[in-house]
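Quick heads-up: it's one chain on its own, the form predicted alone, in structure tokens.
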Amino acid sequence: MDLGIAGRWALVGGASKGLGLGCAQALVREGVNVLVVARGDQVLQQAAEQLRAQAQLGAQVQALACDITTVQGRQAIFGLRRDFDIVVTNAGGPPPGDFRSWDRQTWIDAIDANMLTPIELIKATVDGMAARGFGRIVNITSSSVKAPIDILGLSNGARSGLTGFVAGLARSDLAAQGVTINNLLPGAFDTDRLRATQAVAAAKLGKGIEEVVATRRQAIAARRFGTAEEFGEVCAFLCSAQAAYMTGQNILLDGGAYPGTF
């Protein structure tokens, strides 16, 4: 299927590895030009070379090492390119742990990275999208928005705040101007983030990490963890011309782990 987005420009956060890289890969294969950002320059440049090798239809790949969660990082991004047709917001999740050990600054950092940063990126790009009559914003959040995880309290709180904000904004007049805003909620994907949280869970339970990982896998109907590549394909569809009537949605990708009806 031709997704109808070749030649568009996309900003993809956290794109040096994991789910962000998976999204960038799917977009460049559709001929989308991408600006990929991440904090680590060496890994990011390696990812950019990989993306250039996969790009189709003459898609361009630019890479900028910066911290997207800071004012300075966002200024660097928009100093390089002002307008984007597609924005995939993605920043590293806050650390797992026990809420009793988190002070106020820890909470502020989590909210700043996983709620306020996406809002700032939306604010900086959405009016230009509306003026051009096309825009796709995809926020990578977490399955913990639907099914909170006890050791991920910082993520549960910050990402739920973003979800509430998006629910209202997506249903504003932006929808009539061709701009959609959706959230992608990853469950257990085979990433560095998953391995880190499983290590914390193992320590908390006093079990070996292999046992904890096996138990987590068995709780998934698909009996496996997801891949960044398949996550990226869903992201690319949400960015497509065909997805113009889908906005304000929370798309859960968890292999059937969530047990609820709604």
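Keep in mind the model is a prediction, meaning the values are calculated, not measured. Position 1 is the first residue in the sequence shown; the rest follow in order.
The form predicted together with a small molecule exists for this protein as well; it is not shown, and the discussion that follows is about that form.
Open item on the list: So if I measure heavy atom distances to the small molecule in the model of the complex, which of the stretches 141-149, 126-134, 164-172, 103-111 falls within 4.5 Å?
Closed with: After filtering at 4.5 Å, what remains is 141-149.
TODO: Mark residue 192 yes when one of its heavy atoms lies within 4.5 Å of a heavy atom of the small molecule in the model of the complex, and no otherwise.
DONE: Within the cut-off, so yes.
Open item on the list: Can you tell me whether residue 52 touches the small molecule? I mean in the model of the complex, with a 4.5 angstroms heavy atom cut-off.
Closed with: Outside the cut-off, so no.
Open item on the list: Residue-level question: is residue 25 within 4.5 Å of the small molecule in the model of the complex, judged on heavy atoms?
Closed with: Residue 25 lies outside the contact set for the small molecule.
Open item on the list: Taking any heavy atom pair closer than or equal to 4.5 Å as contact, tell me whether residue 90 reaches the small molecule in the model of the complex.
Closed with: Output for residue 90 is yes: heavy atoms within 4.5 Å of the small molecule.
Open item on the list: Taking the small molecule in the model of the complex, would 8, 81 and 181 all count as contacting it (heavy atom within 4.5 Å)?
Closed with: No, because 8, 81 and 181 lack any heavy atom that approaches the small molecule to within 4.5 Å in the model of the complex.
TODO: Have a look at 154, 121, 188, 115 for me and say which one sits with a heavy atom within 4.5 Å of the small molecule in the model of the complex.
DONE: Answer to the contact question: 188.
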